[in-house]
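There is one chain below, alone, in structure tokens, taken in the form predicted on its own.
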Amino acid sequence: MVRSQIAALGILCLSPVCAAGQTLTIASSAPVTSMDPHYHTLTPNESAHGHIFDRLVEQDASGHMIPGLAVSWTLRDEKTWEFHLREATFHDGTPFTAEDVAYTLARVPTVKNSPASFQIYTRAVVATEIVDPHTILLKTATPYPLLPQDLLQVFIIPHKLGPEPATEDFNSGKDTIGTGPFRFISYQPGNRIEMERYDGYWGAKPHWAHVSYRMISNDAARTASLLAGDVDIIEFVPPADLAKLLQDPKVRLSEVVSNRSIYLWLDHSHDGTMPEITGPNGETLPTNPLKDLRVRQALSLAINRAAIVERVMEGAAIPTKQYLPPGNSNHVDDLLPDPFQPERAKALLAEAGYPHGFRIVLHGPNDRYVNDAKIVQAVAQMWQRIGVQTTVDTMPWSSYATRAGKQEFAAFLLGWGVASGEGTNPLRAQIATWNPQRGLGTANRGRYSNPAVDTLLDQAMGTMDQQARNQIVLRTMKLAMDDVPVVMLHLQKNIWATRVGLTYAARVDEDTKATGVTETGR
């Protein structure tokens, strides 16, 4: 049976190697929306794509930058970065060269219909110069110290794909050609991705001959699949199952506090009447209450984060008011989670002109983040207690993400994983004023805008000295988060569970990598 027939039937693996036990089955917690590595800045996509494609700069489990397809990078002058590339080959045998880097960077901003573009990570590069097949110069219009961090997000594809390769051709497998440890076999949207070991990989040879990357959004089903032996590793272990799995001798757990924050977006795009917000008796309001800082502060102070962490997340999170965890160089030490102060929240609402509160719809996904629907329900109950009559509306991520990006919601739950581990990442993407021309605010779904924050952020992005830049980033983060552009809730703990005999090196970036799963014996 030819490979295309195997892929069409969705058969996992029939080779003697797989039969010998070298197949690894991963249960991902969220759907992969495309095999195009430049289509959608979405953590599940990037986690899956990292098996097939490589970046110039990679990241270790602790979030530190390490060489990828680039063995080194240096600042030749304030506007020129020089990258030295390693010897590697694509899965079709084509050598990797500097031409592929130039081609990839040019392709990223041209991807059609991208729901969240990667161009924010390539925008700074205004010109490329190929010195030789393994040396390339990347030129920026102004001093730009963050280019290596940006390139942590950009997977390299071969220039032989030609002009404007279509997203559909990656989904079909026609163009799904990388330099990564595994090569593409098949993709069934919402179901699974099949991959096989690439023996020409430039790095350490993967232990696993075949990887079946299954998408199981339902928490209970994911745990059940592990316990039944249908999968070897699951990510985002449901908090409700933690106690049970800790006591199970057939299971091993690994965890770390992540760079993934969970928060509520509040709409800043409407100045006047908004359909999802009405007066306490359903009457139309002439202005959007969420534009008032006092209202945003009240909604935050009404939330008992400790209770959510303890009762909803069952300890698998820590309360936060910022995007990065303690210990990170861009964590603001004196930016503490808002306390639970419902009486103060009521006073702020009255001061803002809403002594009897108002009505609002709170939206959330029900299959994307750990306990997402339960978190939304808990917040709604807390808002009710300060007079904000809250209706909950949850839905599958596939439809939710599109609607949230169109500013259809007044208040809605989302998460952001800071893959680079660096503070300007969420500030540029989430908090900066939406400006597609500059590649800023590309994930600013609430359309928050604060000129003072924008000014400081520009200053940080142009400061070459790392220590000085870190101090500006800390000031920017505090200024922004004190203005409550979003209502921060908590940082998730990344928790994986494997069958006995396997172990996984927990990662702050959430990626579930087949190369991180090792056999340890029983």
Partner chain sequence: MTAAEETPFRRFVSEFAASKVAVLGLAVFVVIVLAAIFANWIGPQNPYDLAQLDIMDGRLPPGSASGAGYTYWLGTDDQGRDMLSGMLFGLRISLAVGVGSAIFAACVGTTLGLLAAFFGRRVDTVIMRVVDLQLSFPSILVALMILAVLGKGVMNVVLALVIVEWAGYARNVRAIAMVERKREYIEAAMCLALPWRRIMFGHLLPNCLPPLIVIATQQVARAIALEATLSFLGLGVPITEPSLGLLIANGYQYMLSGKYWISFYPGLALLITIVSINLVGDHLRDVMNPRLKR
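What you see is a predicted model; the values in this text were computed from it and never measured. Residue numbers count along the first chain shown, from 1.
Not pictured, yet referred to below: the form predicted in complex with its partner chain.
Colleague: To test your reading of this chain, name the stretch in 90 to 98, 352 to 360, 386 to 394, 108 to 116 whose heavy atoms come within 4.5 Å of its partner chain in the model of the complex.
Modeller: Result of the contact check: 386 to 394.
Colleague: Please determine whether Ala443 contacts its partner chain in the model of the complex, using a 4.5 Å cut-off between heavy atoms.
Modeller: Contact check for Ala443: no, nothing within 4.5 Å of its partner chain in the model of the complex.
Colleague: Look up in the model of the complex whether Asp150 has a non-hydrogen atom within 4.5 angstroms of its partner chain, and give yes or no.
Modeller: Taking the distances in the model of the complex, the answer for Asp150 is no, it never comes within 4.5 Å of its partner chain.
Colleague: Test of understanding: in the model of the complex, would Lys374 fall inside 4.5 Å of its partner chain by heavy atoms?
Modeller: Within the cut-off, so yes.
Colleague: Are any of the heavy atoms in Leu290 no more than 4.5 Å from a heavy atom of its partner chain in the model of the complex?
Modeller: No, no contact at 4.5 Å.
Colleague: Checking a candidate spot here: are Glu58, Leu69 and Ile157 all in contact with its partner chain in the model of the complex (at least one heavy atom each within 4.5 Å)?
Modeller: No: no residue has a heavy atom within 4.5 Å of the partner.
Colleague: Only one of Ala307, Ala347, Val256, Leu75 comes within 4.5 Å of its partner chain in the model of the complex by heavy atoms, so just point that one out.
Modeller: When its partner chain is considered in the model of the complex, the option within 4.5 Å is Ala307.
Colleague: If you check Leu335, Ala102, Leu285, Ala378 against its partner chain in the model of the complex, which one has a heavy atom within 4.5 Å?
Modeller: Result of the distance check: Ala378.
Colleague: Which residues from 287 to 316 come close to its partner chain in the model of the complex, meaning a heavy atom within 4.5 Å?
Modeller: In sequence order, Ala307, Glu310, Arg311, Val312, Glu314 come within 4.5 Å of the partner.
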